[in-house]
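Just one chain is shown here, as structure tokens, and it is the form predicted alone.
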């Protein structure tokens, strides 16, 4: 589930499904999208996204998204990412533990990302026979360069906070005072002129139109990849808890 708290001009969106390592479902994406969209109204000055129990999110609940025939999950995910991309006020992410798949991808569209030293990141789409999502194939090469981006997106392996910072996916990492770090930044942002913050973010995100266009291209390729035998085999193997059939997967 998603819990939402609006307190002192700060909207906190908490991914709260600890029994599944905060894996995301379509209904959770909808709740997050609704919450972030609500920041356009009222007096919200900062949005904070976090997970519960020392985990950000382990990514999509594969059982919910395994059916290529169902577009519900994809549609709700798109709405969430559109809400995040279009959010006028600063978005601060607090990352602990796992940040897998979209758990890493969404960070690319936040304005401040603070991670605990224990955080582990991954964009393992290639390991499911899929492709990068939500402009990660556009943004990461520009943040980190082609060679580092290729390593992250073509191998799909886990990486730590040092690599995440080197690739400009996170702002900084912290060992013990992560909450205090986030609180301090949120307080500073709350005390800035709201309109000037919104205008500054708009200027910083001046390439939003191209990013949206790139997302559309990625989604088209992603949808095609979902239909391939390699992706179907990867999902089937994951759900059946068995090794993938390499002959099928490598095609």
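What you see is a predicted model, and the numbers here were worked out from it, not measured in a lab. Positions refer to the first chain, counted from 1.
Below: the form predicted in complex with a small molecule, not depicted.
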If contact means any heavy atom within 4.5 Å, which of 203-211, 56-64, 189-197, 42-50 contacts the small molecule in the predicted complex?
56-64
Using heavy atoms and a 4.5 Å limit, would one call residue 138 a contact residue for the small molecule in the predicted complex?
no
Since only the chain is shown here, I'm wondering whether residue 100 would be in contact with the small molecule in the predicted complex (any heavy atom pair within 4.5 Å).
yes
Verify the contact flag for residue 241: yes if a non-hydrogen atom of it lies within 4.5 Å of a non-hydrogen atom of the small molecule in the predicted complex, no if not.
yes
Heavy atoms within 4.5 Å of the small molecule in the predicted complex: does residue 143 have any?
no
Which one of 23, 13, 10, 231 is close to the small molecule in the predicted complex, taking close to mean a heavy atom within 4.5 Å?
23
Name the single residue among 152, 106, 92, 128 that comes within 4.5 Å of the small molecule in the predicted complex, judging by heavy atoms.
128
